[in-house]
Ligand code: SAH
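Let's start with one chain on its own, the form predicted on its own, as structure tokens.
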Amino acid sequence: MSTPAANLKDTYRHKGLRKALLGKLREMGIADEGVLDAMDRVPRHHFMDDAFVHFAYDNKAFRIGAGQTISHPFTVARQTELLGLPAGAKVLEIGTGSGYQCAVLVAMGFKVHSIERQKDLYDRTTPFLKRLGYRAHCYYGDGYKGKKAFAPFDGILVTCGAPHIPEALLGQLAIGGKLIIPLDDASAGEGKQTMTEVCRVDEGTFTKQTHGTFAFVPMLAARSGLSG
């Protein structure tokens, strides 16, 4: 299994490659400078195995073990941008993974709660985020259940492909809050999802918009044995 980079330096070369990547993201349509600034302050190479650090600022996903990936930088930027939230907002992330998306959310100034279903990833990523100084509340549990004890959330961001929208997550959205979730879509092709934005208008009313096709690893089936 891969492990986060042992070398936590952030050299001028790394910073230059990061600036170049951010320029590409702007060309691809990312317009929220707050998101780009947060990504500039989070060295992506710190969250990747040493074998892949030379590719850290390519717009590509990479395997991190346990069948999971660190998402494309464009995907991280787009999902964060779609949240459209101010600093101080409370955000629930489903799928901590490598911790990179979580770190970007923290850099945005959000109060972040993050759930990871894979125990080995949780055991590795949680102390690593603390070591790097990213203050997030991390939990080992079932993302389908959300985290009711800390609801409602201003935003919920799902970082894995889901077959449907979990009802528990809708119930944990604040009024005016957004759920950003990649939903399985057969019409988009095998292994593809449609990025979906769900906004809670009032207690029982939700609106839905779609934002193009993406590719994520699948969300694992709900399991009652894990804490919510």
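Note that residue numbering begins at 1 and tracks the sequence as displayed. It should be emphasised that the depicted structure is a prediction, and the values quoted were computed from it without experimental measurement.
There is another form of the same protein, the form predicted together with the named molecule; it is not shown, and what comes next is about it.
*Asks:* Just checking whether residue 217 would be counted as a contact of the named molecule in the model of the complex - the rule being heavy atoms within 4.5 angstroms.
*Replies:* Yes, contact at 4.5 Å.
*Asks:* Mark residue 96 yes when one of its heavy atoms lies within 4.5 Å of a heavy atom of the named molecule in the model of the complex, and no otherwise.
*Replies:* Looking in the model of the complex, residue contacts with the named molecule include residue 96, since a heavy atom lies within 4.5 Å.
*Asks:* Residue 71: heavy atom within 4.5 Å of the named molecule in the model of the complex?
*Replies:* Result yes; residue 71 sits at the interface with the named molecule in the model of the complex.
*Asks:* Within a 4.5 Å heavy atom cut-off, is residue 30 in contact with the named molecule in the model of the complex?
*Replies:* Because no heavy atom of residue 30 falls inside 4.5 Å of the named molecule in the model of the complex, the answer is no.
*Asks:* Name the single residue among 138, 106, 121, 89 that comes within 4.5 Å of the named molecule in the model of the complex, judging by heavy atoms.
*Replies:* Of the listed residues, the single hit is 121.
*Asks:* Answer with one of 180, 160, 56, 39: the residue that has a non-hydrogen atom within 4.5 Å of the named molecule in the model of the complex.
*Replies:* Result of the distance check: 160.
*Asks:* The named molecule isn't shown here, but in the model of the complex, which of 81-89, 108-116, 127-135, 147-155 has heavy atoms within 4.5 Å of it?
*Replies:* Looking at the other structure, the answer is 108-116.
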